[in-house]
Ligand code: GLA
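Just one chain follows, in the form predicted on its own, and it is written as structure tokens.
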Amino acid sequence: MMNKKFPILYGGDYNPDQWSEEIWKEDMRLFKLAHINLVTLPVFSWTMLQPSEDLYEFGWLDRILDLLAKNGIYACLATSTAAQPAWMSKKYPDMLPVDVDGRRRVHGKRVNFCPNSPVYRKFAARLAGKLAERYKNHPALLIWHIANEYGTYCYCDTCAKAFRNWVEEHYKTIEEVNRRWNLSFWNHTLTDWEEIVVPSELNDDNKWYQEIALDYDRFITDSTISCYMEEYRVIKAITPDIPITTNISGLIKHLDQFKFAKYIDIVGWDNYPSPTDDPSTVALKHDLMRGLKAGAPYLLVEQTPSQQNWQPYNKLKKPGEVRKLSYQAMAHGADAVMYFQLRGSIGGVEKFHGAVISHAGHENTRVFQECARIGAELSKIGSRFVDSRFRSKAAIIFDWDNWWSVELSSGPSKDIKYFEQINKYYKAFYDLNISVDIVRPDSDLSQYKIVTAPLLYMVKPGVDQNLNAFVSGGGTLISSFFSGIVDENDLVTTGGYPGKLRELFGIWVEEWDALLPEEKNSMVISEKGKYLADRYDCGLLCDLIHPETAKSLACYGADFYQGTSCLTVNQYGKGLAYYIGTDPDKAFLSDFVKGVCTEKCVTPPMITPGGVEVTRRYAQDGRAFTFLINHNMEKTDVCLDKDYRDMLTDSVISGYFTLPQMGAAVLENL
């Protein structure tokens, strides 16, 4: 990840421009007490750096960076381009975004710029270049951080023009656009490029044209990448050996992060779970971040050490909870644990957001003491598992195009939610402590024994061949209802569902029944086997399946399609393809996935009691590191499968090992 071997990075966001230089000195003392070795700054200081169009002031930043270096603390140096100065918005109002309802925003908030604005891009790249030139040799500089939580959608005239150019570049001719977007429907046929308009809400409650809206999502991702790259290229030209990151928001639907990650040296993301989130949901998002660069470690750039401020109910993290979440991040591939924020702001929307140094301003707080404990532990661990990887034998296919297209679709049910389905299948593996990689539909699948592709509604070119090759080579594929329906432009593949996957699954889906929220059906298991019960509940959507070469394993228990197949398996080459034609209850997925994993000899690192998560990371030299995370609210005993070295106590342990409530441990294989 780095050119040199660094310890686990520990720190967070710091806003020195909000504080006096006397407080800076006090904060250095507190940072060292907390064992902080990396500070991200100045994320939101553009006006301080450029108070007017032709004036730049870096003296204050010089002093804080020198102070960090003097105290042995590294800087994740941000370009400050996430929020432009007020003078810039006033002088160049066209850089402000236009929302989906056609209203131009006024100055304020953050990430409040049109990603296609040439004026914004010019000023952002210029500032990034000046920062890189000034600090390229500064001893504190470790990582660059561009902007902050990209994700603004814009529908202004500049975007409309850029979208028309994007469409022309992709499809070349108006005739091809009309074909790809099926524009003969509702007489939307185009005769000129200037007739293409952006899919805003100016047509009232119309979901607009889904094929166009899907391409607009892709266009916005490309626009955001292009905007980001204006800064990236300037910085890279001046400091080619220093890695560059940007932080991905916890709300991850806005942009195709698989595509974005190609242009980021190190993935960074912000983990802000809801108090009601299952630990599996948090783990899934971590694994998704690890998957963005094919298993490479990533940075946990933000989390709160205590409470958030923007959720409806902002509960405190209980004693031990931030430690548990920090170790869970590392257990899934993070090589950094960082916070927003290091010192709490006294004003603004985030004044009640948690901080390592609270408004009390000293180290004698519960939160500071816990953060200092974590820092001390990470200092002791050092770099021993940094840059280690996973050896997963199971994978889940995740695709932003599927996410967008499924939820743009008008029918069959508004309750079909892509991430919820991914999460549901992921949890079945998570509860077994089976390591899962999150992969693209076109990823190399040859290293896996089991691949799951829930709600694979869109099958892009080459994906069917990729899945065919995986199964025919001996792999086991699991897919679900509403799969194989459309191509890359959201046009239905005719000839019977699941389209290009029909031969692979050996079935023909004639139609589907969208159930009302209160309606249920059941899956009656015809071949129970070792792991399945006789019957399970199901709902949401019921595919009406005709097995062709597939074998039926379960049938519906009610309605006019009672007795027809809802679960099938097809032998394809050396492997098996399972199709689950409805939304089953959690009990079914738990039993079913357990059975498939047993058949394929996919096992967890060790057997643990319920509520104890276990993962394993492997260094290049063969050393293995086992993470134990206790999500229970009581101490829990784990029976170790062999002798280990506890990396926090440096002692050899065997037999039963006790984890306190919300406790965590890192064990090195002997």
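These figures come from a predicted structure and were not determined experimentally. Note that residue numbering follows the sequence shown and begins at 1.
Form predicted in complex with the named molecule: not shown, discussed below.
Heavy atoms within 4.5 Å of the named molecule in the predicted bound form: which stretch in 268-276, 421-429, 177-185, 329-337 meets that? Stretch 268-276 is the one.
Evaluate Arg110 for contact with the named molecule in the predicted bound form, applying a 4.5 angstroms cut-off between non-hydrogen atoms, and reply yes or no. Although the named molecule is absent here, Arg110 would touch it in the predicted bound form, with heavy atoms inside 4.5 Å.
Exercise: His286 in contact with the named molecule in the predicted bound form, heavy atom 4.5 Å: His286 lies outside the contact set for the named molecule.
Any chance Ser443 has a heavy atom within 4.5 Å of the named molecule in the predicted bound form? Contact check for Ser443: no, nothing within 4.5 Å of the named molecule in the predicted bound form.
Check whether Glu321 has any heavy atom within 4.5 Å of a heavy atom of the named molecule in the predicted bound form, and answer yes or no. Contact check for Glu321: no, nothing within 4.5 Å of the named molecule in the predicted bound form.
Using a 4.5 Å heavy atom cut-off, which residue among Asn247, Thr81, Thr452, Thr582 comes into contact with the named molecule in the predicted bound form? The option sitting close enough to the partner is Asn247.
Between Glu149, Asp222, Asp215, Asp399, only one gets a heavy atom within 4.5 angstroms of the named molecule in the predicted bound form; which residue is that? In short, Glu149.
Residue by residue through 44-67, tell me which have a non-hydrogen atom within 4.5 angstroms of the named molecule in the predicted bound form. Result: Phe44 alone.
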